[in-house]
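Starting off, we have a lone chain in the form predicted on its own, written out as structure tokens.
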């Protein structure tokens, strides 16, 4: 019964989601084309967005095609997100496990944490110029904070009884961390990674609005300067699709790593 219920819930959710999208598209057409209730300069008609999509796919816009812009943005997000994983998760695990490390690092972390990542953009331009390094740096800063916080919280939420039981069986500190602490922290670590990934896309677009030569943020910037609402919608949808695709891939990885949870 339980095995068949999950696919049924998935199909119902998919159907409801698809129906919602169709309803929104229909309302969009009625408001812009059917009744012209909305000014085309405020919200373009579906036909205008379609024409803009064909333009950027065939002839390109803002110096490249949509595929080239999207791949460039995906590369920036992947690099910044990867650095955040490599640096943020170990730091969060260290602070969660060691009270001394928390006392040493946490004050600095608390000072830097409230500063919005976007506030670092001018300094990143001064340090790294208008190239991709500064954008990766800003994306890393954004993704770093949720990764640290959730890894830290994950360690602190591990049942102390499990740690004590492992020590009773003669497990060393390294074995306790590897076989008890890290697996027990994984659900919250992946929660932090999802937050980090979403924040990476938000920051990417903002970073690419300033001094970018390629990327979806540049498409949005140039389309805004050209007063091209159709292309703005294309850029926004492209960001949404890329963000949804990367989140889906992260979800696949999470289900593969945490497959033990599905058996409970």
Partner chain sequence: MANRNFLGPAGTVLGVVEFWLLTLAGFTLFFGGWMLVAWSGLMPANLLPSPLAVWETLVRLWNQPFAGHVYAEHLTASIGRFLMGWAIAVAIGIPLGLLMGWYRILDEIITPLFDSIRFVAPLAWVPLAALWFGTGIGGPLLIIFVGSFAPCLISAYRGARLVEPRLVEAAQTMGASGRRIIQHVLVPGAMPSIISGLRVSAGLGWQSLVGSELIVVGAGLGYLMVQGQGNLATNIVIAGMVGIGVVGFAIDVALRGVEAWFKRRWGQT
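Positions refer to the first chain, counted from 1. These figures come from a predicted structure and were not determined experimentally.
Omitted from view is the form predicted together with the partner chain, to which the following refers.
- Here is the short version: of 85, 91, 155, 74, the single residue with a heavy atom within 4.5 Å of the partner chain in the model of the complex is 155.
- Checking 27, 209, 51, 57 against the partner chain in the model of the complex, a heavy atom within 4.5 Å turns up for just one residue: 209.
- Using a 4.5 Å cutoff between non-hydrogen atoms, residue 192 does not count as a contact of the partner chain in the model of the complex.
- Contact between residue 80 and the partner chain in the model of the complex is not found at the 4.5 Å heavy atom cutoff.
- Under a 4.5 angstroms non-hydrogen atom cutoff, the partner chain in the model of the complex lacks residue 252 among its neighbouring residues.
- In the model of the complex, the partner chain sits beyond 4.5 Å of every heavy atom of residue 46.
- If you take 183-209 and check each residue for a heavy atom within 4.5 Å of the partner chain in the model of the complex, you get 198, 201, 202, 205, 206, 209, in sequence order.
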